[in-house]
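Here we start with a single chain on its own, the form predicted on its own, put down as structure tokens.
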């Protein structure tokens, strides 16, 4: 059976949290419930699941790739155009260190920016069920339920004190 989104709009944060608890107790998976607000509430304020992210990996991967590219660039350039000066080695490590540091930082910064975009799920090409009243202070409880459970879910949201309940279509 296909799942359909249903959105309940609440003026009170406690009523929205109660609606989330009621949906969980009725059998709706925690992964299928989301809270939409215009204000930054503390994580877990509505009893929602903790979001998993891998943002910490992006700077590490970027720094590793930046360092590798910088070392390859400096060493290959010095080997391609050898310039022996006073018997010193061709690969000059102090000069390579500066370029390696800059390459590492550049890679880490670029990959961090990409990581933020990726972990924010941008760009969002398909917009889901939404109501503009959320930007005016309402709290939305968005649930994805089986098509046959839409009426039961609508009743749960109304019983929890929803001002309005919307479905697609």
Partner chain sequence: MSSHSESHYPHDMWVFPDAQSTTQDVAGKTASTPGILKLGLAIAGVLAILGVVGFVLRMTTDGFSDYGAWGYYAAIFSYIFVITSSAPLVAVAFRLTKSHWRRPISRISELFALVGVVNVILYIPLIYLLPPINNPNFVPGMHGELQIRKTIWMEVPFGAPHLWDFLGIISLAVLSLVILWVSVVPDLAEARSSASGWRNKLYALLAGHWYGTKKQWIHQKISLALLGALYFMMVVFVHFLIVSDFAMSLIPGWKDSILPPLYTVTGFQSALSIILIIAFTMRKWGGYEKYFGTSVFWSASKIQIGLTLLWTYHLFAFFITLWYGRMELEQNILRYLMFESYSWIFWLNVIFIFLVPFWILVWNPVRKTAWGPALAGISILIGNLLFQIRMFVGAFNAGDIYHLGLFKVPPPVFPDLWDVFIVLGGIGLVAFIYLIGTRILPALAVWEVKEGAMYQKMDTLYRGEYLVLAKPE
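Predicted model only: the values in this text are computed from it and were never measured. Positions refer to the first chain, counted from 1. If you superpose the two forms and keep the largest set of C-alpha atoms that fall within 1.5 Å, you have the rigid core.
Keep in mind the form predicted together with the partner chain is missing from the figure; the text below concerns it.
Enquirer: Though the partner chain is not shown, can you say which of 23, 17, 160, 9 has a heavy atom within 4.5 Å of it in the model of the complex?
Expert: Contact residue from the list: 17.
Enquirer: Please tell me whether any heavy atom belonging to residue 45 falls inside 4.5 Å of a heavy atom of the partner chain, as the geometry stands in the model of the complex.
Expert: Residue-level check for residue 45: yes, a contact with the partner chain.
Enquirer: Is residue 13 one of the residues lying within 4.5 Å of the partner chain in the model of the complex, judged by heavy atom distances?
Expert: Residue 13: yes, in contact with the partner chain in the model of the complex.
Enquirer: Can you tell me which bits of 98 to 131 touch the partner chain in the model of the complex, meaning any heavy atom within 4.5 Å?
Expert: Read in sequence order, the lone residue that approaches the partner chain (within 4.5 Å, in the model of the complex) is 98.
Enquirer: Does the C-alpha of residue 30 move 2 Å or more between this form and the one not shown once the rigid core is lined up?
Expert: No, shifts by less than 2 Å.
Enquirer: Quick one: once the rigid core is lined up, does residue 101 have its C-alpha move by 2 Å or more between this form and the one not shown?
Expert: Moves: yes, 2 Å or greater.
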